[in-house]
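This document starts with one chain, in the form predicted alone, laid out as structure tokens.
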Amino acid sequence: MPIERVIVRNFKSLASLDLPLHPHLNILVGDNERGKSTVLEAIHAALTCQWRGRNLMYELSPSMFNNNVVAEYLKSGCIAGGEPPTLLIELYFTDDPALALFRGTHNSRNQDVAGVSLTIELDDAYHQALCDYTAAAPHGAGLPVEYFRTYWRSFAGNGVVPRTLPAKSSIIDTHASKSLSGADRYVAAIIEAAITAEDRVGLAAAYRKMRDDFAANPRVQVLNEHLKASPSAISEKSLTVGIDTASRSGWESVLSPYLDQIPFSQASLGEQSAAKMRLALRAQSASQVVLIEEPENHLSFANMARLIENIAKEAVDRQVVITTHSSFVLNKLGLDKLTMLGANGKHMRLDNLPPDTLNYFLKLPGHDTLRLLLARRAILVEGPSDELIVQRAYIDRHGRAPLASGVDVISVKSLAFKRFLDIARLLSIDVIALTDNDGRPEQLKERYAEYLDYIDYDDDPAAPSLEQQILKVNELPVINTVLGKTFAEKTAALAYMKAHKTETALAIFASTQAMTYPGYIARAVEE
């Protein structure tokens, strides 16, 4: 029972989102604050009506609502007749006769389909109270969530009962949980969820026996006798010590995991993350929807490769949604499973890329395709030497490195330009590719006929390379100063520059000498 579509309104950073999902594997990428984690939280909340392990109706917080929507409402409020903010999460299921109980038109698309919705909206009984609050609310005040109610319903309009849900979900986030009093609660919760009822009873009995044995220990009894005899100004009752026997202090709360006899909290962060992820994937075998937050956290490439193999296997029988900033994860699991989240809920799926472009990136697991996907603007160049010179040109123009402005200069072989530009066109990424004309500008135009809006170069056939372009726009004394040489003619300088491309680029990048850059580079570094 896969989820076909997720619709979110006014939930945290997502003011509006309509996101289709693949039935098996989904990879979400995007810059920070684009809503990747929020999508996972939204899916889990709509399938459980829980927030961080507790019933959502008892955990309502102003931070759940989109800040901009709330601020706009509080600014005008009832005075302008504005509608109070409503938080909505809808999950649309695949067409399945077994989901008849969840089928109906009670959804924002008015479609007769199966699904569930989670809504947090104003309780009508508090409408006037909210109006009074907005009239008097100081600047920066939050939404009074005590006036709101939670509704968990099927698209048939009925309240949802957890046992009738067609799917269970679980969130795996290895770096969100902290260790407390020597026990990692994340690992403890996973182990507790994975064992049988019989095992749980046995563990509880063993823990109770351990507490009883501690209390019966002669040294503990001597200590308690001493405490009983000590006067107390606070209470007339006897003071003793023992292991907490309250029901809330069961074996789970004192469990202390070990890795090869090393306390879990003292193991490396990479080992902790790998162990948590392995345990979680096993323990969540009953979940049809598995939500994974940044699986690459603290992992080496070897451990990450093993983990990705396990995730790929899990995605065969279940629906998996992953957030990541790792190009390794992206390329290994498949660019065709990628959804790029942009600002304001905008998103694009890459399964519409030309097949040869998809295959190109799938065969390059180490290539940093995410640099293009996450850049505000990208400049593609043909090699490391070109990259250094463009970096320097940008610094000279703006007084700062390109990345400080969200501009990434990416070294790409010219034969791969079209592959990257296919992604740029699909996602409307601001990209320019800089290339030599190789003495054949007309052939260059033919080669990139469909991409000319993304390509820039100098069409002088007498200056086919970057080195000749630099010599064309700079006098020889400038070149000699930059290179630390005393060439008498430009032909000698050109021969040196072409034979020492890297040294020349490094010299230009490090030099304090002002110089002129070819027109196509100067245009590329303009904002």
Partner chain sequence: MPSKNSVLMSAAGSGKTTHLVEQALAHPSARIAILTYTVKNLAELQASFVRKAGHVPANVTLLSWYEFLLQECIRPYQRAIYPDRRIEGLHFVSGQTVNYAKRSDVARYYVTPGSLIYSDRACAFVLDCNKATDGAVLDRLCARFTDIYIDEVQDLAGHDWDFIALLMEQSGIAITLVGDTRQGTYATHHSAKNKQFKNHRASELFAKWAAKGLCNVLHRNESYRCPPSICALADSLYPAMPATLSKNDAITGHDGLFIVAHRDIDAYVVEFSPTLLRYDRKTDSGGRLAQNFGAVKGLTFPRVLILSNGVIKAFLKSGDPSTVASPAKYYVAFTRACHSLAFVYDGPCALANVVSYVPQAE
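This one's a predicted model, so the numbers in the text were calculated from it and none came from an experiment. Numbering follows the first chain given and starts at 1.
Missing here is the form predicted in complex with its partner chain; even so, the following discussion is about that form.
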* Between the options I195, A100, C131, L227, which residue brings a heavy atom to within 4.5 Å of its partner chain in the model of the complex? -> A100
* Taking its partner chain in the model of the complex as the reference, which of T86, N310, N158, S405 has a non-hydrogen atom within 4.5 Å? -> N158
* Asked: Tell me which of 211 to 219, 385 to 393, 107 to 115, 339 to 347 has residues with heavy atoms within 4.5 angstroms of its partner chain in the model of the complex?
  -> 107 to 115
* If you check in the model of the complex, is H325 within 4.5 Å of its partner chain, heavy atoms only? -> no
* **Residue contact check: R153 to its partner chain in the model of the complex, 4.5 Å heavy atom** => yes
